[in-house]
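Only one chain is shown below, in structure tokens, and it's the form predicted alone.
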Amino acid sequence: MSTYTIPVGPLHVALEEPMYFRVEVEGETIVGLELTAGHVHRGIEYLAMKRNIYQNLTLLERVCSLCSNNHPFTYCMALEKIAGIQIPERAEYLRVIADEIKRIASHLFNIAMLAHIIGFDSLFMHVMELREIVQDIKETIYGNRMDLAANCIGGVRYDLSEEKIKYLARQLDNLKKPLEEITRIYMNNKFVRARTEGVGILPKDEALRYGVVGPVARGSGINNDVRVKSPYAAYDKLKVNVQVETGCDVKARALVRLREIQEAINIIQHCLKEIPDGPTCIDYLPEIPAGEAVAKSEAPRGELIYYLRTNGSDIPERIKWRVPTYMNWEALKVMMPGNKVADIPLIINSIDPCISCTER
């Protein structure tokens, strides 16, 4: 059978963001893949070196919408390392709560898109309806449904009153039962299983070779999570159960995300019980000396790393970050071959790519 090439993207109905794939196929079977990126480069790293350290908090939150909290969060940790700032303990818990709320919303969106791609739109609506509870939480506590503006240098810019703690606990309880029902559907429904089991296989040895991170790595049996391996904020005081699946396919990556949502609920509930009293931010405007630091966090899509170098002024001399999609998308060259053309959007969605973060 002869081989031919089909172009997918950069603008395509199955892709949430622009990216170009040259897919080699024999009949309906994929035999090779070539990726071309760079269609939405915005120069944000350059812009960050033209703005002062405080303006960058607003800029970095707009690198990406779904993991928008992790960018300013990790940036603040790098600055605080350079300046030797110890943030208040209450702020550490509040940073974790904001982080986990964003993780729940991001994972639910990916899970919903999976249902949409396989044509199970009633399930898509069911998951998005559940996600709406999380959107309401964000709007009620932070005043915004996407960008939380929770972090500042030396702490956080929000607090939780007793009334809001009760509200948040009540809303988390409302998530639990529907989440169990959705998880059962993804595990047992024959239509979902038919489209996700054995599709987009990434064996553990290949996952290690490509250095994939986040739910993509954990879906291939790799027990790696920054919150446990290199705890930050209040994670060293909390129990985080790393969710690992060994199926190595689209279904395994979906189940990791679903179980991480349940784990995020548990972490937030633990925080609400244990959160100490006290200030939420340092009470002075810090001066950032010359220095350099690396900080990292576990974003919804995996390990996010920030490198920051300062020269004693309030303008960063160098800032660079590595996002999880950069590590994960190369592994598509392993996941794709052997699958059918109809599985392309399904496999791409399973790595939850963020072109906005990666090309910034």
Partner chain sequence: MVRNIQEEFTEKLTRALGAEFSLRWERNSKGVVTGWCRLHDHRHITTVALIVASLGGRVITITAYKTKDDQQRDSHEIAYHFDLDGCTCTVTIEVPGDSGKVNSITPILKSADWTERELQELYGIKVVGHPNPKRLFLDDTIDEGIMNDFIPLSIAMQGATSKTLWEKVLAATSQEGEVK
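Numbering follows the first chain given and starts at 1. All of these numbers come straight from a predicted model, not from anything done at the bench.
There is another form of this protein, the form predicted in complex with the partner chain, and it is not shown here; the text below is about that form.
Interface membership of Ile348, defined by any non-hydrogen atom within 4.5 Å of the partner chain in the predicted complex, is ruled out. Mapping the unseen interface onto this chain, Ser230 counts among the residues with a heavy atom inside 4.5 Å of the partner chain in the predicted complex. Using a 4.5 angstroms threshold between heavy atoms, Glu303 counts as touching the partner chain in the predicted complex. For Val213, a non-hydrogen atom is located within 4.5 Å of the partner chain in the predicted complex, even though that partner is not displayed. Note that among 257 to 265, 151 to 159, 113 to 121, 84 to 92, the stretch whose heavy atoms approach the partner chain to within 4.5 Å in the predicted complex is 84 to 92. Distance criterion of 4.5 Å from any heavy atom to the partner chain in the predicted complex singles out Met327 from the list Ile30, Leu57, Leu66, Met327.
No residues of 139 to 169 lie near the partner chain in the predicted complex, the criterion being any heavy atom within 4.5 Å.
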